[in-house]
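Shown here is one chain on its own, the form predicted alone, set out as C-alpha cells.
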C-alpha cells in the first residue's frame, strides 16, 4: 500500500550496515596484512569483497522492493537525495586529504628535507644525503631505482575512457527523460563496459609498473602515494560499476519513469564524481 504524503516510511532494523562494516574491515585489514607479507591478508581481501557484493545485492534488493511496493513518498525521496549529497561530500574530503598529502610531500617536505626553510641548519646532520627532487626514492636512494609510468600511455587512454563513460551515461539519462528504454539500457551498458575496461587497463598498468618499471609500494614516498591515490580511485570505479549494473538491471525491467528514478540519479552523481577525481589524478599524479 502506498505511503500517504504525511507519513514517513521507517524500515525495520537492518543487518546490512553490520555486513558493510565487516566487508570494509576485512578489505582494509587484509590489504594491510598482504602489503606486509602476511599470508592470510589475501584471503581476507577476497572475503571482504564477497561480503561487499552480498551487502550491495541484499541492501539494493530491499530498497527496490520498498520502492516498488509504494512505501516511499516525496519526503523519503528528499531524504535519499540529502543522504547521497552528504555521502559524496564525504568522498570529496576523503580524496582532498590524499591530494593535500601529496601536495605537502611534494612541495613542502621534500624541500625542507633537502635543506630549504627552517631545516636548512640541520640538513647537514640529519638528511645530508637527501636530494631535493620529485619523484624521490628517499635518502641514499633507499627505495631503489624506478621509472615513471608513461603519462600518454595507459593513463591517457583511461582518461579518454572515463570521459567517454560520462558521455554515455548522460546519453542514457536523456533516454530516461524521453522514456526511451532502449537508449537508457544501451547507454548504461556502454557505461558499465567502459568502467570494466578502465579497471582492466589499470590492472595492466600496475603489472607493468611492478615487473618492468620497478615502481612498487617500496619505491619511497612516490610509490606509496601513487598506489594509494590510483588504487583508491580504482576501487571507487569498481563500486560505481556495481551501482550502475544494478541500475541497468532495473532499467531492463522498466522500474524507472521520468518522475521516479532517483536510483539512476544517485549512481550517475557518483560516477560523475569519480570522473572528476580521475581528472585531478591524471593532472597531479601522472602529468605534473
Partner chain sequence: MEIMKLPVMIIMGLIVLSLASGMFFLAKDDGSGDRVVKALTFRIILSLILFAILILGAIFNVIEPNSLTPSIAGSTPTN
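Residue numbers count along the first chain shown, from 1. Values in this document were obtained by computation on a predicted structure and should not be read as measured data.
Unshown form predicted in complex with the partner chain; subsequent notes refer to it.
Of the heavy atoms in residue 65, none are within 4.5 Å of the partner chain in the model of the complex. A residue is said to contact a partner when one of its heavy atoms sits within 4.5 Å of a partner heavy atom; residue 179 fails this definition for the partner chain in the model of the complex, lying far away.
Among residues of the shown chain, residue 262 is one whose heavy atoms approach the partner chain to within 4.5 Å in the model of the complex. Not displayed here, the partner chain is approached by residue 152 to within 4.5 Å at the level of heavy atoms in the model of the complex. Just one of 75, 211, 97, 170 comes within 4.5 Å of the partner chain in the model of the complex, counting any heavy atom, and that one is 170. Proximity to the partner chain in the model of the complex, defined as a heavy atom within 4.5 Å, holds among 203, 108, 193, 160 only for 160.
Annotated contacts: 137, 148 and 279 all touch the partner chain in the model of the complex [non-hydrogen atom within 4.5 angstroms]. Along 250-288, these residues reach a heavy atom to within 4.5 Å of the partner chain in the model of the complex: 258, 259, 261, 262, 265, 266, 269, 272, 273, 275, 276, 279, 280, 282, 283, 284, 285, 286, 287, 288.
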